[in-house]
Each structure stands twice: as C-alpha cells, then as structure tokens.
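Take a look at this single chain in structure tokens; it is the form predicted alone.
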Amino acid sequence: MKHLININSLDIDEINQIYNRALEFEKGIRKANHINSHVVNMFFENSTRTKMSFEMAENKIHTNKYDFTADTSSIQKGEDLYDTINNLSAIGMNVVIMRHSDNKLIEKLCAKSYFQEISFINAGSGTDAHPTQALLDFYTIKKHFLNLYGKTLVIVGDVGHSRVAHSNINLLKKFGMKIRCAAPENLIGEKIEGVEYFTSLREAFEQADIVMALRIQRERIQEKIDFEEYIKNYQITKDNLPYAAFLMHPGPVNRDIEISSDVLELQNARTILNQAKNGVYVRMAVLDMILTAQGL
C-alpha cells in the first residue's frame, strides 16, 4: 500500500489485512520500529482525536514525526502547496498525513510527481472521505460482532456533509451490512445506492444493531439550522435508543444536541471511547504497511 486516499482504493483483503495488523498491535503480538522514517502531519482543519491518535501511532511505531503549521509556513508567503510538499520530499519526508477542507486536493497532490517517493494518508478531506475513521469504526464493529453480514447500522444526523458517513457506507457495504440513514431532508444530501433513507428516527431504529450519531457540521452548512427542531426529532435519548444496540460517534460530540448527556453515561456509549482507543491501533497498522512498503 503506497497511499491511503479513500476507502474505494481498498479491497476486502486489504481491509482485513489492516484489521488483523491492528489487532496484532493491540494484543502486543506485533512490534514495529521505523526509526529511519519521517512523517509530517499537515492539518489545515481543527482536530483532536485524529491528530492525537496519529501522533500516538507514530510514537508507538518509532517513526520521526513533524508537525506542519500552515500559519507559520511559507504558504503564508505565497508558496503553492505542491511546492511545499515537493520541498518536504527533498528534505527527506516519507509520509504526508493531511486533513484539508477541499474534497479532492489530497487526491490531486497524490497524483503529482515529487523529488523522491512520498506517500499520502488522507486524515479527512472536506465532505468526501475519512478513510482511517471508517477503518477504525470497522475495527470497533468487527471486534464486537465478528461477522458483519446482515447487521444493521443506522447513521443519524448530518449525513450530507459527513465524510465519516460517506467512508463508512463505502466500507461497510463491502461486508454486507445494511445501512440506513436518518436525517431531516435538508441534511440527507445526495442519496447513495443501496442505502435506506428515513426522516423518522423511530422507523429507522427498528431492529438496529448499531447507531452512529453524527455532529451537525455548522462550518459546512450555509443555511440556518433549527436546533430545537433537530433535538426534538433526532436527538438520541434513553427513550429512543434501541435497547440492544450500541452507540457510536466519530466525535466531537455536542452534548444534548446529537445525544443526550444521560445516554453518554450508559454502557452502550462506551463504544465511543473505544473508537478513539482503536483509532491508534488502526493508524499504527496503516502507517506500518505504508512504511514497510517503502522499505523503511
């Protein structure tokens, strides 16, 4: 694996390889030492979980990590981002981990030629893709159910603007999961083939195995959101959360908007913290595979 840009670039065997490698890291069976490698984190959007878990993963596999800060870089002097990365390649960087608001920028940069070989990992691109989040969600779900075929996942909230939803749908459909989305009409976005869409939370939750709540992405929405109406119809509460289902959320959680605070204290919601924990092992696995492929 040279790059990780989106889920569609991975087949089932590769996804399972990442899962198995992450599990080996979690169990302490696999160790990695990439002391001769150099990884730069380029986050043009705010992040806590993704950025910190990548940094933790980098430390655990003993790579040399560098934080790129756009505000203090030569980009502020007018340098094109391609030229910035080409210079980072010349300096000796081996992997670029990038988060950016542009849906296709990382893909375009990945297709260009550089001074020396350099790999890209997409840490979130606009509303389009967040492959490592989908992989850690898959890891979390598979550890619980083992066999995903026929299981029902209900994604609730701002589906149309969610790169997490799009990547999860692309990944989990490969394993035969039933995907439902529940949202107000204005937050559904472009409908995806093979996914059921609901405006009624009660109907969507029938026989649900997993519920995944999404944050309303105010930074990507132009129109005004009626939060009182959203809370009334789509907030996940003790009264509507299916008893047997466990709860997921990619974070950050807006308490008492997407999910009521008392639900976050339930055992069902422990999965949300497990997602954050599992993200480290999955990102270790992805980095290990890419750096190994480079001979590092």
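Residues carry their position along the shown sequence, with the first being 1. Since the model is a prediction, treat every value here as computed from it, not as a measurement.
One more form of this protein, predicted in complex with phosphoric acid mono(formamide)ester, exists but is not displayed; see below.
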property	result
Phosphoric acid mono(formamide)ester in the predicted bound form: contacted by all of S101, S125 and H166, heavy atom 4.5 Å	no
Close approach of Q267 to phosphoric acid mono(formamide)ester in the predicted bound form, 4.5 Å, heavy atom	no
Phosphoric acid mono(formamide)ester contact in the predicted bound form: S47, any heavy atom under 4.5 Å	yes
Touches phosphoric acid mono(formamide)ester in the predicted bound form: S162 (any heavy atom, 4.5 Å)	no
Contact test in the predicted bound form: Q133 vs phosphoric acid mono(formamide)ester, heavy atoms, 4.5 Å	yes
Partner-proximal stretch of 226-234, 64-72, 31-39, 248-256 relative to phosphoric acid mono(formamide)ester in the predicted bound form, 4.5 angstroms, heavy atom	248-256
